[in-house]
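Form predicted on its own, single chain, as structure tokens, below.
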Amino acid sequence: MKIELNKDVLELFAGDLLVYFLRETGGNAVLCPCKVLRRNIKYAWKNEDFSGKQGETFLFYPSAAKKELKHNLDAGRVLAVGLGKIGDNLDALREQLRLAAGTAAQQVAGLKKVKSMLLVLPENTGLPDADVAECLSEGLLLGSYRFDRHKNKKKDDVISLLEIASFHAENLNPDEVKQGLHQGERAAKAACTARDMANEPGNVWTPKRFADFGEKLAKDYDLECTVLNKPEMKKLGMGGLVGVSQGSIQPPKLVILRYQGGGDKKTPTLMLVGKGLTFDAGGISLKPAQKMEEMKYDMCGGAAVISAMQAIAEEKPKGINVVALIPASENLPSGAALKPGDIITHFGGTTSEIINTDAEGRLILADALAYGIETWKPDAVIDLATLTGAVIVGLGHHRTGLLANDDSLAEQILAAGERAGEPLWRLPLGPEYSKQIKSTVADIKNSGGRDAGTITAAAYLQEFVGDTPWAHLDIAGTAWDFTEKSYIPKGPSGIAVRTLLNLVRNWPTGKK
């Protein structure tokens, strides 16, 4: 879909769909700048069918009443979408705009022959002009997402696919609007890339595909890419990555991407690590058959990190360096697979007793964290993983679990998540939880039992970060089946891509 700014007179738009976003006014008539729409929508308002509430829509065909109403509107259809009440919370306003644009995308999906649309940006929302444009373009693109790559197309299955989405901003700053449109476009397309990766089955999206994608990003943009293979991992002592992959014929990969946003030694470096478990059967500690097909989603942390790097490479932010590591593997049962009771040695020498082979994500993340911190000495580290079912028990599918050893970093991530409409909730860490993962035969063990499962998993990772400011995002509850929204489809959500991008965009300058 092509996103562009339209500066023409609205009446001259002769495309398939003209969209207005109208706010809720309580008991008063709906306010609308378009006379033709205002004449028509008053009947829906009187019958309480449309009052501007969030999610409400009103569609009419102006050509059918052109002679009677004597108007010169050439659009094939006009759609009004409710914004809801406009309050003072700016993050809530951003989310209202994304939801409204997502609703517009859903309406398009239910119509035939809609190839072009013009969206009129609402005025006087209280948000900067760039933010209004950014959120609407984000919501539209995210809400238009489809994954049907593996379906044979039938005539009856064909839905409208937008080719051009124009945005009209009569009294808004055109330069700011254009900037916002493209920021929203980059963020949404990166999130959709992550969704595509997660939607691919395990026999298609393998560890090698992560490596191939990373190398292509480096080729297309100004990035450095390094891929560590199994022999190099063995030489480096990465017992977690090597061990988890033992049961699979797919060799593991450690994909490393580097973005340089400043050559100065004082330029801060942010390190991102994403769990890339392309299929998780649980290993010897085999998962139940029910819903095991969803374990192709166990790589959503890696998908979020590598897709965020795509957007970062496109935006080229100044004053920050970003290094991303995606440890990629499968976790399958076989005669060569890790067994409960085995002891492995991580990069750096820490030994770990394997209690449960289905607690594998922390094993591959630990190697990546230890190696990345020793190699690049970052100022801050964030890891993302579909790590524990326990986080779903605690937070449901509405918030990502956040654990951190640094309050400032945690606050930055919480703020970025609120701005992106991807809320998080911080859980505690402490020595009482770390005691649960102490082993009698090794330095640590990979499971602390059912109690506080999300926290003890994070405590395991904490063993490998030292004093580096670090945060862990457990996205097991939000990577798929995330809170139902107009711009979030069923299946993988692309969670955390836009949170990471917002974090990088607003990263404090100067070395900590």
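Quick note: we count residues from 1 along the sequence shown, nothing fancier. Quantities reported herein were computed from a predicted structural model and do not represent experimental measurements.
Although not depicted, the form predicted together with a small molecule is the subject of the following passage.
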Practice problem: Go through Ala471, Leu461, Cys34, Ala476 and name the one with a heavy atom inside 4.5 Å of the small molecule in the predicted complex. | Solution: Ala476
Exercise. Scan Thr278, Ser137, Ser245, Thr386 and let me know which has any heavy atom within 4.5 Å of the small molecule in the predicted complex.
Key: Thr386
Quiz item: Can any non-hydrogen atom of Lys287 be found within 4.5 angstroms of the small molecule in the predicted complex?
Solution: yes
Self-check item: Contact of Ser447 with the small molecule in the predicted complex (heavy atom, 4.5 Å)
Solution: yes
Practice problem: Give a yes/no on whether Asp358 approaches the small molecule to within 4.5 Å in the predicted complex, heavy atoms considered. | Solution: yes
Quiz item: Does Asp367 reach the small molecule in the predicted complex if we count a contact as any heavy atom within 4.5 Å?
Solution: no
Quiz item: Are all three residues Leu228, Val323 and Tyr371 in contact with the small molecule in the predicted complex, where contact means a non-hydrogen atom within 4.5 Å?
Solution: no
Quiz item: Based on heavy atom distances of at most 4.5 Å to the small molecule in the predicted complex, which listed stretch, 89-97, 339-347, 293-301, 139-147, is the contact stretch?
Solution: 293-301
